[in-house]
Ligand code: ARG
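Next up: just one chain, as structure tokens, the form predicted alone.
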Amino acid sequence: MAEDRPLSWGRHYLMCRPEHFRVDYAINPWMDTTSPVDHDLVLAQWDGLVEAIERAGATVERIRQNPETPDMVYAMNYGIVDGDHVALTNFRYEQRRPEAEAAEWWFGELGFRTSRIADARVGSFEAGDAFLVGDSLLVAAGPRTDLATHDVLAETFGVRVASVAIVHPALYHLDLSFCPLDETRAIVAPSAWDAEGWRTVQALVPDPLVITEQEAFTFCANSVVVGNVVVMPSGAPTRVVRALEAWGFDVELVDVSELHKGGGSIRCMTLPLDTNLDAARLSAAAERWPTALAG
């Protein structure tokens, strides 16, 4: 690749096999309660996704799905992992809130420390709206995450937070419009954000692969990167695949179309367990005490 600076995370994931996946309600524009779900196909596609991620070189852990939480397959939203600390999501919709309790138990059993980022006083926060990008934690404010939680995140982790406003209802989580590829590049869909948000992303990502709204609707930004392998949903635009290959990435296309019925794709189904926010902590400390750190 032109830049040999792979992501420092993305080789260890938590996933949830969709034993009880269904579309019982509609909490995003992609969900249609009248569209039937092929349960056998859902499981086969999910199993194929796990195989692809492991083939790329990552390790996958599993959490058992609660029968009463049909969206639990979208594990990215459980929380943010920072070393041995997990900041759990406070979901916007009550249908998904039991997922945070299940995740809290799972992490606790493995010895992680857990905390709750948001409550009724500051609103909701969903982890699909946050990525470590360079020396900042990039966090969205929009349909699923309230701006007031950004200050809570900054204080909880001691990190620098960069905010981006999501204004597109169908691209309701940041992980539908933003996919970090390495330390300098990312797939980005500016149509999801306001003008100031796009400027914020440009400042953090020196070399973006810009996609259109229609390209974003293929869920191609909702991909997982393991080293130089991009695991991307089938149906991704040829232009995007070719651009990634020109940069030196290997692209593996995986059919998860049945799981798109819930409004999520590959990234939504994978919670990285190997993230560490030290870079964003250092930048925050440098802003507070520049003289001391320089000395």
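When you see a residue number, it is the position in the sequence shown, counting from 1. The structure presented is a predicted model; accordingly, all values stated were derived computationally and were not measured.
There is also a form predicted together with ligand ARG; it is not shown, and the following applies to it.
Partner-proximal stretch of 132 to 140, 158 to 166, 70 to 78, 101 to 109 relative to ligand ARG in the model of the complex, 4.5 angstroms, heavy atom:
Heavy atoms within 4.5 Å of ligand ARG in the model of the complex occur in 70 to 78.
Listed residue that, although ligand ARG is not shown, lies within 4.5 Å of it in the model of the complex (heavy atoms), from R96, H150, R185, H85
Contact with ligand ARG in the model of the complex is made by R96 alone.
Since only the chain is shown here, I'm wondering whether W193 would be in contact with ligand ARG in the model of the complex (any heavy atom pair within 4.5 Å).
Answer no; every heavy atom of W193 is more than 4.5 Å from ligand ARG in the model of the complex.
Would you please decide whether P233 lies within 4.5 angstroms of ligand ARG in the model of the complex, comparing each non-hydrogen atom pair?
P233 lies outside the contact set for ligand ARG.
L41: heavy atom within 4.5 Å of ligand ARG in the model of the complex?
No.
Would V241 sit within 4.5 Å of ligand ARG in the model of the complex, counting heavy atoms only?
Residue-level check for V241: no, no contact with ligand ARG.
Pull the contact list for 132 to 155: residues with a heavy atom within 4.5 Å of ligand ARG in the model of the complex, in sequence order.
Stretch hits: a single one, R144.
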